[in-house]
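Given next are two forms of a protein chain, the same chain in both, each as structure tokens and marked structure 1 or structure 2.
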Structure 1
């Protein structure tokens, strides 16, 4: 496979020889004669491999490698050296060179050395990518390493560079605005404005003016021209939260904006071009809203280009603890408290609770605990009773699809709680066809609780 190879060699004869060989191998090649030139070209061109002569007119090849490293140029470096400087070549390897070639070198030798170095680099990159994709514990404003969040990170990352409209769905408190901001910051528009507007929080009469602006005298109280959110976000990202709350008459205007890329301020006559990346979000089932006639189908298809579904906290496994620890550190710092960690029981309670209000609820609970208590360790007793005893109302997405399994109290045998618990879990699993998440929803527990119990019973057996 053709690679980008930068040759750093100041002696024309040697450079000419290397160029001939590299072209013969089918690689794209550029040539620098000095260290400074090589550094500039490497930053601009981002080569896969750099062949570095150790003695350059301005500074040494080793110094060049240090500067490349500092400039975060991710290329494999092969050092070119004469017989007399093998020790220096070894030093260069310590500085990060992948290999070295003794001059003069035959074409076959260069090919093998270069191929090996490129292959090693490709494998390392693959490994880095896999590690990054599988093991990220955070991304942008998100904390979380669960598979569900890795999928979200991948989607946000993939779509960041494009201008495609992103439609974020998720229960309240799952981080829809965080997702929109993360997308903006990962995009080429990051240095332009990010403007967020909550369509559900603005009176319907003001919504058009908030989005598209108004001209002086457009309505009572419009004493000056005002830029709307769309114009303010020009060149950047416009985030419309709770888009499902937008009145129908406003949906028509939004559709026109999306189709034409122009805005006409309220009371204005001239349409102005605006370059924004649109990100929308809702906690409603938007397709159901379309079917119910509350959301325009044509607008739905315009906006629902790249969907991003944010998972509820209860479906994110151990993420709840990662987030809780992160929040505890932040809140303790903000409130001037000394909390550093949770004890085991507190962690178990946090893990077991289904968090119908998601991260926002977790924030509130932990803020409350930090404000009301002090010490180094958050104990179970410091958490609200709701977490310890209460049966929380499940969030909409977890509403059981089927009727709960019922039992008549009068006919129930009295037996150890653990036995009843096991029976109940097994009955729920049988009822749902061994579907653990659904069974968990029916029992109003975290699926991880069921998995943990099943593992324990297996061990007992």
Structure 2
């Protein structure tokens, strides 16, 4: 493969011989006669390799290599010298030279030396890239250095420039919207709008209007024209969260939008073209939803182009401590507290807990600790009881039709999981004065989960 080679040589005969050889090798070549000229050309042209004569009219080749390094010119240097002392070669190597050639040199010797130097440079660049990728402790809005997150970073990075639809999956609280925003900011659309819509938190009769907009008078309450999320995101990214909650009749309309690239507002008659990058997310097993007939198969294949699976926090190893330290600093600054770190016991408790609510639960726990306490160090005693006693054990599933029973005297009655779930949600709503977002925060679930349950219970009533 041809390389860019800068020849720095002030002797005309030596320069002409080297030029002929380099052209025969198939490389792109430029020639400088002085150190100053070579430095300027190297900064502008950014060569892959530089052949440096040690004896130049203005300053030495050694000095040129020092100035190239200071200017951050990333090229491999090969020293050309008629003075083949060991001391000169050692000094040149110390300044970053890859190899040296004694003048006069044969074409075969120049080819081998140059090929070896270019190969070493290519390998070094690959190694530097790998180290950078494997050593990243953050990317976009994410904090984490685990192998699982490095894979996520690489996927987001590689697909950012594409217009392909990305489908993000992961448990609640793993950062699906963070992934969508990170993807948007890494894309050529970063200066255009990013519009996020939670399909599970919007009543089904308003979802079409929220996505595609409406015209004035389209329905009761439509007092003015509304653009809708798709039109608002024109040129940018439209993020549809909780796509698995979308009703079947709305899935048909979304499929038409994906296929045609046009939207027709509710009550409108004219289709309008929009250019959006579509990103979807769900915490459900979307393929199981397709197989159960709750999600259209044709829409699934349209949306599930580039899958990105976000790992749960319990599978990310030491990432939980990296995130916890980052959150502690942020919350302490926001609340005007003095916390700087965790003690060893607190870190052990954070590391050992399985975090079923993932990063969102970790945020709630640390916000609670910062608000209720102060000091420089978060101790184990400042953490909520759930961390101190570990994760609650899962009770065995009961037969749905079974009546509540007590296994042994003094134990709590066992009842169907759906019954217990309903009692907990209703109790949380009563405690918060029917404030769904606050109740969801207490239960460490997505508000859309509570909205969905309430809708289902109304239908059963």
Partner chain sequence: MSALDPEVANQLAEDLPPDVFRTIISTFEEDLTRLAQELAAAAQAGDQQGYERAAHSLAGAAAAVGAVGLEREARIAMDHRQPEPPHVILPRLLNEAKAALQALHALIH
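What we label the rigid core is the largest C-alpha set whose atoms superpose within 1.5 Å from one form to the other. In this text the structure is predicted, and so the values were computed from the model without any measurement. Numbering follows the first chain given and starts at 1.
Source of structure 1: the form predicted together with its partner chain. For residue 107, the Cα coordinates differ by 2 angstroms or more between structure 1 and structure 2 after the core has been superposed.
Once both forms are overlaid on the rigid core, the distance between the two CA positions of residue 150 between structure 1 and structure 2 is under 2 angstroms. Annotation: Cα of residue 330 displaced by less than 2 Å between structure 1 and structure 2, core superposition.
A C-alpha shift of 3.7 Å is found for residue 26 between structure 1 and structure 2, based on superposition of the rigid core. Comparing between structure 1 and structure 2 on a rigid core frame, one finds that residue 49 has its C-alpha moved by 7.1 Å.
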